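The chain below stands alone and is given in structure tokens; this is the form predicted alone.
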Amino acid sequence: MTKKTKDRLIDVDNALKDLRDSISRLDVADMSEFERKVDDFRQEIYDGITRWGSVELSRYPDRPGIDGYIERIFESFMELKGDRTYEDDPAIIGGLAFLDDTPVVIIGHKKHSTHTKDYMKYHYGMASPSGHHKAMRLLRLAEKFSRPLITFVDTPGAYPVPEAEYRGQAFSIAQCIAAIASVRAPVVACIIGEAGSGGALALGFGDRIIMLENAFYGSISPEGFSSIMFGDSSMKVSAADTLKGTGKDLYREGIVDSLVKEPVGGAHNNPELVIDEVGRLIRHHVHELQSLAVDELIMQRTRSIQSLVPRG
């Protein structure tokens, strides 16, 4: 993040929030007009956010992660660990839970712990082949017990270490995509943060897709795109414009089914509001999908995939 971009998106917004709080504490008869002007200025800055600004917000450490969604939306979550072959990948969390009275299976990327922001322990949410095999194990459980599947995507990409490549990283991603495409259970995918490359594709597909407006979903990161096209990451801002991967972009193109508006300054400024809206949409889509036959769901997925394949 450049200092200029950081100042505009995060530091300025935090400074304005502090200013508003200071004004509200002043022992003066009526400061409402000053508070309104600060609020209007914050809104103006947020309305003019660039796609690169959305990328930065999607990566912001205080943005609500999967733990917050699980705790607030679901009940009786029971985590299941391990891929039953090699190890447990901490970058993927999953298990059984209840959505109100409906039993569901949850799978998602975990970037860091909620309280310590320990990214390294969870590989920054970048899954290895073990993470993808863990996800496929949970997919089989969802199918076996006819439980709707809810996925949460928040990752820069797949785990980029030689060991992951030796153990078939690309093949495990392909297997995971194929497993979701064919699973005989409803699938709702939630794009809550950064969704980069094949690591995001492994879990970022379903019968319905919910996406936050400042989440960013792309086959490559803006920095990676810039490095390939221009030799370094200096053109990442224009690369983000080229990729057009914000929630607003993908909703406009019909790739995303439901768009969640974020509060002024980003989802971290009112995480409860954002999570509650995601929960409402999950309930809506699960109820809708459960009324459809499984064969119809699979046919719809096939048509969705075919519509994205370039012709000619």
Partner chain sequence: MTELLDLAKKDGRWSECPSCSEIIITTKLKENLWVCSHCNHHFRINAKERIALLCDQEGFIGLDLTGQTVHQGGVPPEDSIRAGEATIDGQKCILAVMDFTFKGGSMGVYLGNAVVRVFHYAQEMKVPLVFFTASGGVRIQEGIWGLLQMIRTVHARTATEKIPMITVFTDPTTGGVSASFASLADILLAEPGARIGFAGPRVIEATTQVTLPPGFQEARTLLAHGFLDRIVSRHELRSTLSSFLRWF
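Positions refer to the first chain, counted from 1. None of these values were measured; they are calculated from a predicted model.
Form predicted together with the partner chain: not shown, discussed below.
Contact annotation for the candidate site: G168, I173 and M229 all lie close to the partner chain in the predicted bound form (heavy atom within 4.5 Å). For the options V237, M136, I177, A97, the residue carrying a heavy atom within 4.5 angstroms of the partner chain in the predicted bound form is I177. For the partner chain in the predicted bound form, the listed stretch (136-144, 197-205, 98-106, 78-86) containing residues with heavy atoms inside 4.5 Å is 197-205. At a distance threshold of 4.5 angstroms between non-hydrogen atoms, V260 is out of contact with the partner chain in the predicted bound form. Taking non-hydrogen atoms only, A158 approaches the partner chain to within 4.5 angstroms in the predicted bound form.
The shortest heavy atom separation between T302 and the partner chain in the predicted bound form is within 4.5 Å. Using a 4.5 Å cutoff between non-hydrogen atoms, I70 does not count as a contact of the partner chain in the predicted bound form. Looking at 214-229, the residues that come within 4.5 Å of the partner chain in the predicted bound form, counting any heavy atom, are Y217, G218, S219, I220, F225, I228, M229.
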